[in-house]
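Next up, structure tokens for two forms of one chain, structure 1 and then structure 2.
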Structure 1
């Protein structure tokens, strides 16, 4: 078992090392910026997976946190000339407040309300970002954001490190006792509640963690593209998070990373051919939902379990209680 666990850690470790080394091997700034955006989207996808994959609740306004993180950093540093640290604290506070309000209203009732409230809030903030010209700059956005680290390679390394930390943190969360409760909530919320767990508390907690991480992704993104614009709040971004997680495999964390890689490469390949690459994304998404609901990771898992089955001795006959 311990050997298996060690193996499990080798792959992510190798991945991180490879990611860190790439910019020093290839000098192409295109590769670096593509990898930067893949890593940032991975962080966003991981935050989404915490909700959908581990707790079984789908947010349809997850872009809300991403966009808020982006806009708050842009507004406070560009317009108000705040120091970056203060801006980051502000992002944290706002993400906590928003996610608390959402969870306060929706965790008591069916998950359906969470779906609808997140959808409605996301739409509201998107429309507000296009209308409140004085604060958000409307469709022109808020340009002139200073990156956290001016050097592109340096910024990329920062993003990779943050991705690794986020991944590690989420891995700890979902494998902690609290993580087991979350999975239990996903399987059967009522029964988990009857077992004496405070379902509301756990759901609130995970909604907040997820919101904060998504806000962090937004901060990193705005600091890499240097402008905050309304599309960062649009529900199409939520669809992209959903797509990455579903395509990669829900409830795996690394599935989000796989999904981010596939999606970003698809985007950069297709956006040269057609501006309507969202159409292809949408069609692929629907096909995956219809035919491969467990995603890429599900295929890996199936292969792995098949391998295991052949190695293991035949299981004992089940004893009925």
Structure 2
């Protein structure tokens, strides 16, 4: 194994170990809650990066799956009193079905039309969550959700482990033969189809995988805040995922994690100072788009490539015979 390949695995492993150790070093429940939120949003951002970063699909309704996971867990456990395991199975089944139906509708249209259709479908579910009071609780939400693990530290460790598993799974997906086809679709969809690949099948598959992971993030989030509310289905949450992926670096997986860390820490720091912290985040987003189109991960890659060039010995001058 080369030095670069070792670093690719050592750095995430060290990051996971550090995340697991922090709650035992810091006794602050606020730090644990913040890290839990960062890890959950990282899972959500990774799910969106599968679409945008690796397949070139810019969905504006991705929060739909996040909200579905949250509401299904809340409704089945609070109203129907189902056991958690059965509720999680229901989340999986519904996310698979809904993602398949939505992908069947949307993958046949492209570019702006795809964006508009996904946004419309996402907002449809958002409006339904505000109107069907008996099921969703309307604008009041659906409180009383029991956490998957009552202890905050225990729940945080569970979230970190799930984040690591999701990252490894997605890494395996994007580096598989199917992942190569997804990257080809992003680069040139028409040419990929001419080579004999069923583009619609691959796009449907990645939308389903992404939807399931986003639904899982919704499950963890509602278990953390203990209430499901309509904003979990709103398009603004999709824009947050887009922000995190672009800020961290599209097509890297860990870029979504970096983006979630920057965004949530900045939100935590600025929200206590000003109510217009979203304006500052917007300015940061514009700066990144203009000057760092590859995101934070792209900056690290450039620094690493420069270091590699400086470490290489200079070429010997050619000698004439």
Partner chain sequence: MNTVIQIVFYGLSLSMLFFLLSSGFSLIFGLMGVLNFSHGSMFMWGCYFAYLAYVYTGNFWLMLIAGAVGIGVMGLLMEKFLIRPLKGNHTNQILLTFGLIYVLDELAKIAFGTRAYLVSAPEWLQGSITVGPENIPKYRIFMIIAGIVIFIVMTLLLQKTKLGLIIRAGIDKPRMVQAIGIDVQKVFLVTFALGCALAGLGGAIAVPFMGAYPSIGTEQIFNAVAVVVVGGMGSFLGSFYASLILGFAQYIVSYFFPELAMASTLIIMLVVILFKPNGLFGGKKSE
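Note that the rigid core is defined as the largest set of C-alphas that superpose within 1.5 Å between two forms. Positions refer to the first chain, counted from 1. Keep in mind that what you see is a predicted model, and the values were worked out from it rather than measured.
Structure 1 derives from the form predicted together with the partner chain, whereas structure 2 comes from the other one. With a cut-off of 2 Å and the rigid core superposed, residue 101 has a Cα displacement that falls short of the cut-off between structures 1 and 2.
Core-superposed comparison between structures 1 and 2: CA of residue 135 displaced by less than 2 Å. After superposing the rigid core, the Cα of residue 204 is displaced by less than 2 Å between structures 1 and 2.
On a core-based overlay, residue 113 has a Cα shift of 3.5 Å between structures 1 and 2.
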